[in-house]
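What follows is a single chain, given as structure tokens, in the form predicted on its own.
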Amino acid sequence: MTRIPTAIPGLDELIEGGFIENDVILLTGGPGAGKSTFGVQFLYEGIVKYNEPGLYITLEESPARIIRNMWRHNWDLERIIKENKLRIMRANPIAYERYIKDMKPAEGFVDAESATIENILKQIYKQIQEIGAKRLFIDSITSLKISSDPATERHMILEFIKNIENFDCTTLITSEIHSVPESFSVEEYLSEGVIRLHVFRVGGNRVRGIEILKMRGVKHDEVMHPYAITDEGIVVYPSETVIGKDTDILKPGFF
């Protein structure tokens, strides 16, 4: 099986060299855990180091804000957009009237015209084909959970992930951590791999821990390791562990 390096320093050592090609991997965590940074790093370094074009689907942030925020890591997203190696597509899961008709794909920004899951999937596939994308980042699938009916919501997520699996891209999808820690969401069951980002308090200090909950077909590490968000992006420390009685897990959303 072909391995796709994550380009996250220290992480590939924990998963036998990288993700399995074309798998869908779920990244969960609370606000501020670094999910978006993780995903952009996966795309950016994949383009720069491995010449694998990438597509960023944002269901929350605007492309302009994403580009601005990632400058703190010295990631020049504008340059690789102009080189047609990266595209950022904004897809609002709630129907909206405004549609930027004069937005040219060459500019690297695309707005989904309709909020239907079918149309969003068609837009994603179109962008993948146009630039030959090999890496896909969707941030976040939580925004698709807009139905008041749990059964309808599960069906939407099921259809979305099952279609994404056929796009011939190694895909990273983010999701907010479940409000009940011991419970699992439908996307965790459907994804080939699940990585969770934790934030702890040790005394007055914040400690970050990364945990690989599952990775089908991969003999992965099961210990929680510390990670940091640095000026160069996310770094995992595979030789260290997050343990100790003085470590208290913060409640989801409290960061």
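Note that this is a predicted model, so its numbers are computed, not measured. The first residue of the sequence shown is number 1, and the count goes up from there.
There is also a form predicted together with a small molecule; it is not shown, and the following applies to it.
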Legend entry - Touches the small molecule in the predicted bound form: R90 (any heavy atom, 4.5 Å): no
Inset, instruction - Find out whether any non-hydrogen atom of T58 is located within 4.5 angstroms of the small molecule in the predicted bound form, and reply yes or no. - result: no
Inset, instruction - Report whether the minimum heavy atom distance between P63 and the small molecule in the predicted bound form is within 4.5 Å. - result: no
Inset, instruction - Indicate whether the small molecule has at least one heavy atom within 4.5 Å of a heavy atom of G30 in the predicted bound form. - result: yes
Inset, instruction - Choose from 216-224, 187-195, 45-53, 202-210 the stretch whose residues reach within 4.5 Å of the small molecule in the predicted bound form, heavy atoms counted. - result: 202-210
Inset, instruction - Sort through K134, K85, H73, R154 and report the residue having a heavy atom within 4.5 Å of the small molecule in the predicted bound form. - result: H73
